[in-house]
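Next comes just one chain, in structure tokens: the form predicted on its own.
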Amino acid sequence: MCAAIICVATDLSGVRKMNDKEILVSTRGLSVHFPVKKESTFARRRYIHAVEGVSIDICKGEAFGLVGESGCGKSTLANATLGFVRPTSGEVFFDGAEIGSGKKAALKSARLKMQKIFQNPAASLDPRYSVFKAVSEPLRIRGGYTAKELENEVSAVLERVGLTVSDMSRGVTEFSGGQQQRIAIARALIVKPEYLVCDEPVSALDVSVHAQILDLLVSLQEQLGITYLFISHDLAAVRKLCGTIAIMYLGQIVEYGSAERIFLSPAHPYTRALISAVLSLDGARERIVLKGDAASPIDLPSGCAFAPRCQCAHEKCKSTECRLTRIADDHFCACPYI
């Protein structure tokens, strides 16, 4: 565990550190809003509050897990750290340089060290490409490589992800879903990124293949020291891969800390509900069923956004703004009654 949301380093010039670990990616008060189409010419412009006031630190070489329901803003937050989405407010830093303000030079430099693995490997690969063409594309775009150098780089990275040199000439559509995800991982690794966003990389795969790809990601991080932002609905996968996790609800971080502590002692009612849904072989865990649906990200409720669904909610929750508060050295929670 390296980071703290409340007590953070304030000097953002050069390399920043927290608990003797270098911070690679961080956000400060990050908000991302998307405009909604007006119902009429004179109607008030409304916005989807996809991400609201998020501040996180991701250290070099760690696997940072991001968990939450569909539509809570996980992918938008990840895309903002990659520079794919322009923040409405707040800041995004990569290796000490601010990249969220639209400065092209800083963003271009940072993107040389970033890559992303997508949820659906079949959709993320061009079906017309051979494996060689798909994997070598980032290097061909970057330029400066001879044909022999490209072949050597592709061969090496394919072997690293569990494929063979003989696969290079085959079309990407000739492979199974798990093998296609290995191809996608190889394509991401070939530029030797420091920061890799894994956006639900195993959710579209069969259970047996799911485990293999997870083992591969664990092995690659141990070998290469890559920093992961791992997005998933699968808490078992997050627990296996990640040392730090953040729980997201309606665009906000409601709990944050070391994976071990959060799984053993979840503090926020939403986190407890998520963990209770994980299959337990001994059947000892009591299932917490949430009532109702999440509020609209267009019209966020006042006070605690989770209050309408919370079993522990008090009347005061509807008007009290919840802020992340330290409840242990490596554990933060946004609930006034913790």
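Counting begins at 1, following the sequence as shown. Fair warning: this is a prediction, and the values are worked out from it, not measured in the lab.
Not pictured, yet referred to below: the form predicted together with a small molecule.
Enquirer: Going by a heavy atom distance of 4.5 Å, is Gly73 a contact of the small molecule in the model of the complex?
Expert: Yes, Gly73 sits close enough to the small molecule in the model of the complex that at least one of its heavy atoms falls within 4.5 Å.
Enquirer: When the contact criterion is heavy atoms within 4.5 Å, does Ile48 count as touching the small molecule in the model of the complex?
Expert: Although the small molecule is absent here, Ile48 would touch it in the model of the complex, with heavy atoms inside 4.5 Å.
Enquirer: Given that the small molecule is not shown alongside this chain, does Gly61 nevertheless sit within 4.5 Å of it in the model of the complex, heavy atom to heavy atom?
Expert: No.
Enquirer: Any of the heavy atoms of His233 lying within 4.5 Å of the small molecule in the model of the complex?
Expert: Because a heavy atom of His233 falls inside 4.5 Å of the small molecule in the model of the complex, the answer is yes.
Enquirer: Using a 4.5 Å heavy atom cut-off, which stretch among 168-176, 75-83, 145-153, 132-140 contacts the small molecule in the model of the complex?
Expert: Selected stretch: 75-83.
Enquirer: Kindly confirm or deny that Phe34, Glu200 and Pro297 each have some heavy atom within 4.5 angstroms of the small molecule in the model of the complex.
Expert: Spot residues vs the small molecule: full contact, yes.
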